[in-house]
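Encoded as structure tokens, the following chain is the form predicted alone, with no partner shown.
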């Protein structure tokens, strides 16, 4: 078989790797000038810089963890973000360090009493929006200081205009533990993420073409390849014929600083409404002790509205968009039996990296029957 893989992010790279291993010919086209999609990392000042936002690998799926270990050695990085609310620092996720800093409480029971007292504001009421849902789960103090501003910046609209179902639960930890994830496995690849995709695509059956846009020759590709794995926007593939899905975009402002340590943590979230960015990443803290002395690289991350021509970073999974995606998926199944849609944009899901790999491996099983 002769496969065309559109996009060299994790979904496309995993599929290409597995198809080539089975003796198929694979052409990978990538519209950017580098491999690895949004997990692309580039070395600057001895630091692996995450060019498209912080990527922390975490999973409880042992099959996926074992799979990715083939391509890189991972360190033991633990994600422990800090929130900056008008200069006051709070640990995330919400834990005893957070509650102690916010209310001066010392025991889990004191913390729960405070939370339950504040949740009474919503007693007997059905939450009608994200704000009411958050208060019903965690109370007003934590909502106002650590959720409201960040969420409104992230989504580009008021919390009272966002549906309640966006927040199904909020993690409350009654321990002094700053580990953000509960997953069994977590870490950052030593030497960055780009090497993972490079190794996946290092096969004589794979040809890679950078700076190549699928839509420049779409009809030709559909005619000349046996199968196409498409990881771009599913609505764009069909020329938006059923309507436009919504996406959120991001803008990154990366700067070199002539200091050894700028903020003391890999990720600091800015949860007030006035600060225009949502977080600041200091890349050298992802890999312990790496990077040149007296140099560091920081990235400010700004959420942005998406319009055609912008880079889409994640889907807006509300009821309207999910219903429209289902129509596109039905269209794909009826009209394009030679196209496999994958990844965040092709399947219109807010996937983490491990979920992308799992979805790609599932597509491989569906395709090759093993």
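All figures in this text were calculated on a predicted structure; none of them were measured in a lab. Residue numbers count along the first chain shown, from 1. So that the term is clear: the rigid core is the largest set of C-alpha atoms that superpose within 1.5 Å between two forms.
Keep in mind that the form predicted together with a small molecule is missing from the display, and what follows is about it.
Contact with the small molecule, judged by heavy atoms within 4.5 Å in the model of the complex, is confined among 163-171, 257-265, 200-208, 110-118 to 163-171.
A heavy atom within 4.5 Å of the small molecule in the model of the complex is found for exactly one of 151, 186, 133, 296: 151. Checked against the small molecule in the model of the complex, the candidates 96, 228, 147, 196 yield a single residue with a heavy atom inside 4.5 Å, and that residue is 147.
When contacts are judged by a 4.5 Å heavy atom cut-off, residue 238 does not count as touching the small molecule in the model of the complex. Although the partner is absent here, residue 65 lies well away from the small molecule in the model of the complex, with no heavy atom inside 4.5 Å. Within 4.5 Å of any heavy atom of the small molecule in the model of the complex lies no heavy atom of residue 325.
In the model of the complex, at least one heavy atom of residue 180 sits within 4.5 Å of a heavy atom of the small molecule. In the model of the complex, no residue of the candidate spot (3, 71 and 364) has a heavy atom lying within 4.5 Å of the small molecule.
Here residue 130 counts as shifted, since its C-alpha moves by at least 2 Å between this form and the one not shown after the core is aligned. Note: the CA-CA distance for residue 114 and residue 170 expands in the model of the complex relative to this form, by 3 angstroms or more.
Relative to what is shown, residue 113 and residue 170 are farther apart in the model of the complex; their C-alpha atoms differ in spacing by at least 3 Å.
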